[in-house]
Every structure is written in structure tokens, then in C-alpha cells.
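Next up: a single chain in C-alpha cells, the form predicted on its own.
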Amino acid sequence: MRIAVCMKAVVDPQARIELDGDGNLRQEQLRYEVNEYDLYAVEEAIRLVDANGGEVTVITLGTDGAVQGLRKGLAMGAADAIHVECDPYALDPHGVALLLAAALRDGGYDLVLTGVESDDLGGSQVGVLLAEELDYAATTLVVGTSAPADGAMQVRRELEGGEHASVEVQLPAVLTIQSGINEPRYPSLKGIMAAKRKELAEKTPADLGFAEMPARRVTALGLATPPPRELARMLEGSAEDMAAELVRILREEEKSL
């Protein structure tokens, strides 16, 4: 079976987030890492092809910062990778789905896996929008898969309140993968070295039939830092001075010691 896994580069939560004077995000100082949910999707895809035969393709949209995710997917065991070079900040979830669908439509994929959501935006939209564009069946919040049989697959979905449901999905299909379905493997040194030598299939929106970027249906009107909290207090000085002042505040002002 042929499986494609969509990966996303998200801002490292430890990166310093700042806005410029116009309220725009300062992107030049951001660091990126692979979206955690996508690693579960890659691992599940590799396990499925290991058990049933086939190959895995990983795909991402973005600039050069997104390529490291593809390299990690290749190091984990994916056979090849597709990089669609574009500015992801110019796209909303619908635009992302349009470009991904254009890149995957002629690949003959039996399954397309995505993480259930992204660590940065958490919208949980791209997977189902992608299924609509590809005219594939879609199942979300998947926490278990099984071997395909007779053009279908049994999957286990997470529901609210700790409940689960087993459903049959007809192939081809898009599954959004929930965390906890597996334990993503650490790439071996051999896999890492092999991944560095593999060529990426480089695409642009023009290559995919788009004369211009898909129009946004959702637009961010502005960004702002959170207002300072009234109870927040910044202490200055040496570690010893700050510790002494903190103890004084807790003892004399907050009466908690």
C-alpha cells in the first residue's frame, strides 16, 4: 500500500516570540521543529507498510525551515519526500489543503495520514479539508489501525469522556492521528545518514497549477502581546537578592509563609 504523511514545521515553544512596531511577528529569530502529532502519523505509516508492504511518502509545505521535518521522516523510514516551497503564513487551512491535494492527487495513495492538529494553531482542519479536496473518506482522532482488507480498514477512534469507537473506513482515506497511538522511533544513525543523501521532490505552487497562492478565507486581523497581569511582579538583582525579596513578599505581603 502507498501511504502519504503530511508534516508541518511549527515554531519551537522555547523560541522567543516578539512583534515588530507594526504588530507583525518577527520571523527572522524563530526556530522550528517538527509538529509532534505528525511524528505519530509517520510512525503509524511505517508500521503499516512494515506489516503489509508498500512505501511511505512524507510531504510538507513551507520554506527551507520545513525541510528538517522531511529529513526526519526519511530517517525514520519513509521512502521519499515532497517539499512544496511556499510561504505557509500566506495560507489558511483551506489553502494548505488545496496545495497538499494538488501535490498528492496523482500519487495513487491508499492512505493519507496527518496529525490530529498542529502544535501552533491547533485548528484540526487540514486533514478533513484535504479529504474533501481528494474526495477521500475521512476519519479523525484515530488511536488504532489494522491491516486493510477488501478495500477497507478497521480503525479505532477516540471519543469524549474516555470512550472509543471502532469504525470501518473505505479506502482511499485520510486519517488524522491522535497522540498515544504509538511511540515514535528514534532515527538510527544509518537512517539519518541515508536521509541526508536522498533527493527531495521540490515543487512550487506554479508546478501544481496555481498561478498565484490560494486566496485566504480566514484572515488574522492583528497580533498583540498579552496584557500584563496585575499580580505579576518582576524581581531584579542577584539570585540571593531575588530569593530574599521573594521570601519577604510571601511572608509579609501574601502571608503565605
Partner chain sequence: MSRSIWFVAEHQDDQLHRGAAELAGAARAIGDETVAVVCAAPGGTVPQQVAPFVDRVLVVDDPALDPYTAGLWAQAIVALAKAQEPAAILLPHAPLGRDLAPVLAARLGAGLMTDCLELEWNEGLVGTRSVLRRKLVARERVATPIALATCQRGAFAAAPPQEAGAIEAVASSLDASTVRTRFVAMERAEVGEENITEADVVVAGGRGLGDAEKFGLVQELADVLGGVMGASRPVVDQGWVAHDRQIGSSGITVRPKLYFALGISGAVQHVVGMRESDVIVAINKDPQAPIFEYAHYGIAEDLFKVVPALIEALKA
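Just so you know, these numbers come straight off a predicted model, no measurement behind them. Positions refer to the first chain, counted from 1. The term rigid core refers to the maximal set of C-alpha atoms that superpose within 1.5 Å between the two forms.
The following text describes the form predicted together with the partner chain, which does not appear among the structures shown.
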Report summary line: The listed residue (Ala149, Val167, Ala79, Ala90) that reaches within 4.5 Å of the partner chain in the predicted complex by any heavy atom is Val167
Requested in this report: Among 67-75, 80-88, 111-119, 98-106, mark the stretch whose residues have heavy atoms within 4.5 Å of the partner chain in the predicted complex.
Outcome: 111-119
Query - the partner chain contact in the predicted complex: Asp50, any heavy atom under 4.5 Å - result: no
Query raised in the report: Quick one: is Arg217 in contact with the partner chain in the predicted complex, heavy atoms, 4.5 Å cut-off?
Result: yes
Query raised in the report: Is Gly21 close enough to touch the partner chain in the predicted complex, meaning at least one heavy atom pair within 4.5 Å?
Result: no
Query raised in the report: Is there a heavy atom of Leu231 no more than 4.5 Å from a heavy atom of the partner chain in the predicted complex?
Result: yes
Query - the partner chain in the predicted complex - contacting residues of 61-88, heavy atom within 4.5 Å - result: none
Requested in this report: Once the core is aligned, please say if the CA of Arg229 is shifted by at least 2 angstroms between the shown form and the other one.
Outcome: yes
Report task. Please say whether, between the shown form and the other one, the C-alpha of Gln68 moves by 2 Å or more once the core is aligned. Result -> no
Query - Per-residue C-alpha change between the shown form and the other one, Gln27, threshold 2 Å, rigid core fit - result: yes
